[in-house]
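We begin with a single chain expressed as structure tokens, specifically the form predicted on its own.
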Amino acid sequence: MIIIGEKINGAIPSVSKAIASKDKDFIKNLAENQAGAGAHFIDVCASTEVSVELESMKWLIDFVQETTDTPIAVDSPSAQICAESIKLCNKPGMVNSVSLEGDKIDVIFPVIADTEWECVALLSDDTGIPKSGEHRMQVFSGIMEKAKEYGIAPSRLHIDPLVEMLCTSEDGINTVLKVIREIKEQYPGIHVTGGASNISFNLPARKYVNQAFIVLAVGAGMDSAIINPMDKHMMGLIYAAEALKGNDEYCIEYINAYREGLFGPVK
């Protein structure tokens, strides 16, 4: 499982406060802890006013790179900000994200085409988030056409099927699970990702819903997740689900992660 650490995000009040007060120790601590917990990428999202977003991204990226060699996932709703943030990184990382909305793909894909950068691609278009699995797969086909046009291999893409709130969903997560399976069937080498916490908005005891979701999603083929890697219970479930799925030969990754303290012991 590819872990994208979600904690450096200005939408989180404590991070927003750290950005506003230029508390570099707070940001460096988040970066260090997520890297130490097993994150493969560290998401960096300023979530500030557009006029200062790039400046904030530079400030954040600089301190993350001072702290760890873990690649950065540059994260912004603005494709232009993502494209500029790429230039601030010392090594290839991830763009979070593109979609078929507006010109996002045509801004980002040319920038990363001849690089090792990876990219999250959301299954949304100018109509918003598709309600049906069929519509989402149509969007997926459009994304893959663009990837082929720009010479971006499926293995560099992390497709986000768009996990919505469970409490407003008509069929639980059945549509999402079906889409995950179809994507992996068409492109076995592609990655499927998502934010596990999206599923539980407006529900009590959210961690149980998040944890149950991640196990079901791994079973369907999800192999990348935007989560808090410092949540050892969640990490333990991911390693266990991967082993049960048959993705961890002889449970070596599960055993090593346990020995390294990335999860457990269960209390």
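None of these values were measured; they are calculated from a predicted model. Numbers for residues come from their place in the sequence shown, where the first is 1.
The same protein also has a form predicted together with a further copy of the same chain, omitted here; what follows describes it.
Chemist: Flag residue 171 as yes or no: does it have a non-hydrogen atom within 4.5 angstroms of any non-hydrogen atom of a further copy of the same chain in the predicted complex?
Modeler: Within the cut-off, so yes.
Chemist: Answer for residue 230 alone: is it within 4.5 Å of a further copy of the same chain in the predicted complex, judged on heavy atom distances?
Modeler: Residue 230 lies outside the contact set for a further copy of the same chain.
Chemist: Can you tell me if residue 50 lies within 4.5 angstroms of a further copy of the same chain in the predicted complex, counting non-hydrogen atoms only?
Modeler: Residue 50 lies outside the contact set for a further copy of the same chain.
Chemist: Wondering, does residue 24 line up within 4.5 Å of a further copy of the same chain in the predicted complex on heavy atoms?
Modeler: Contact check for residue 24: no, nothing within 4.5 Å of a further copy of the same chain in the predicted complex.
Chemist: Please pick out the stretch from 37-45, 24-32, 53-61, 196-204 that is in contact with a further copy of the same chain in the predicted complex, where contact means heavy atoms within 4.5 Å.
Modeler: Result for this chain: 196-204.
Chemist: Does the trio 146, 157 and 187 actually contact a further copy of the same chain in the predicted complex, every residue with a heavy atom within 4.5 Å?
Modeler: No: none of 146, 157 and 187 comes within 4.5 Å of a further copy of the same chain in the predicted complex.
Chemist: Using a 4.5 Å cut-off on heavy atoms, which residues of 243-257 contact a further copy of the same chain in the predicted complex?
Modeler: Going through 243-257 in order - heavy atoms within 4.5 Å of a further copy of the same chain in the predicted complex - the hits are 243, 244, 245, 246, 250, 251, 254, 255.
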